[in-house]
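There is one chain below, alone, in structure tokens, taken in the form predicted on its own.
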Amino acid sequence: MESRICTSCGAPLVIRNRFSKVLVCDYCGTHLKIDGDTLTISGRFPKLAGFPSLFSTGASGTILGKSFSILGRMRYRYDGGYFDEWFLDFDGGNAWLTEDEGTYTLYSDLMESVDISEIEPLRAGQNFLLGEKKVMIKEKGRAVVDGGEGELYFYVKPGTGITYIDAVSEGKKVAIEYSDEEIEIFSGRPLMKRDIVVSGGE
């Protein structure tokens, strides 16, 4: 862990994960980009509203018997409401868990960068090739980044619109998120509530 000082309000901060790219000040809501020993202000945004959840930033426990601690989250707003992406230190590695209306998916495998040259025309129900993998799209939609908290190891500025694709391939779930600036592709697995044990928090 590293101790830092918020460059906006002077509050004490702690960085727990060396892969984190952004730290959100819990005191003033400023989003700070981490660049070595420097914290650069990205902007100040309202804190996320609280919704009932198993999780909270700083909580720990086990998923499928493996230990985790929650570093932070990003919230996305879409036509159906909201979904949260919780960023985890999971069994000694990085992962994120999507929570959407009581459903949970754990993503721990970042897929290698592949070319999806015709991504915009893709629709739900279609199959396409992702590298050498055959992928079937279950859902495609648009969302807006509502905000973040804690530590984040990939970051999209609040207010940015993204396109998301939920898909399946070879028995695994595949999540694709892309904006004008970048594309992220992860694979993972759905979880039942009984797979998750939360044992502590800050």
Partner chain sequence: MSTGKNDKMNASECPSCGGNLTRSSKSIYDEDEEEDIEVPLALCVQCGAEYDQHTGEFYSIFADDYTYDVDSSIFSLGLKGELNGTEYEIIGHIRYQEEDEYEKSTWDEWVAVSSEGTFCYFVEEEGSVFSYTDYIPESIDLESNPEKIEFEGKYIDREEGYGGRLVYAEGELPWQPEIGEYSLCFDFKKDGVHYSIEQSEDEVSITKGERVTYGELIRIFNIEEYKDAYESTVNKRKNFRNRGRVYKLGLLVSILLSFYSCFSSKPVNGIMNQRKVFAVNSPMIEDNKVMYRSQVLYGPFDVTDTGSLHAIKVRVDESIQRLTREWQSFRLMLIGKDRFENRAGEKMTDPAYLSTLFKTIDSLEEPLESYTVEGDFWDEDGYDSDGYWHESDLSAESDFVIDSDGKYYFYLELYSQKPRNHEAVVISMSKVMGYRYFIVIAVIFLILWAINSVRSRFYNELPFEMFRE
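As the structure is a prediction and not an experimental result, all values here were calculated from the model. Positions refer to the first chain, counted from 1.
Here the subject shifts to the form predicted together with the partner chain, a form of this protein not shown in this document.
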### Task
Using the partner position in the model of the complex, report whether E132 sits within 4.5 Å of the partner chain, counting heavy atoms only.
no
#### Entry: is_contact(R194, the partner chain) in the model of the complex, heavy atom dist at most 4.5 Å
yes
### Query
Quick one: is S60 in contact with the partner chain in the model of the complex, heavy atoms, 4.5 Å cut-off?
no
### Query
Counting only non-hydrogen atoms and a 4.5 angstroms cut-off, does T163 reach the partner chain in the model of the complex?
no
### Contact residue in the model of the complex, from I137, L39, V156, A175 (heavy atom within 4.5 Å of the partner chain)
I137
### Query
Of these, L64, V168, C28, V144, which has a heavy atom no more than 4.5 Å from the partner chain in the model of the complex?
V168
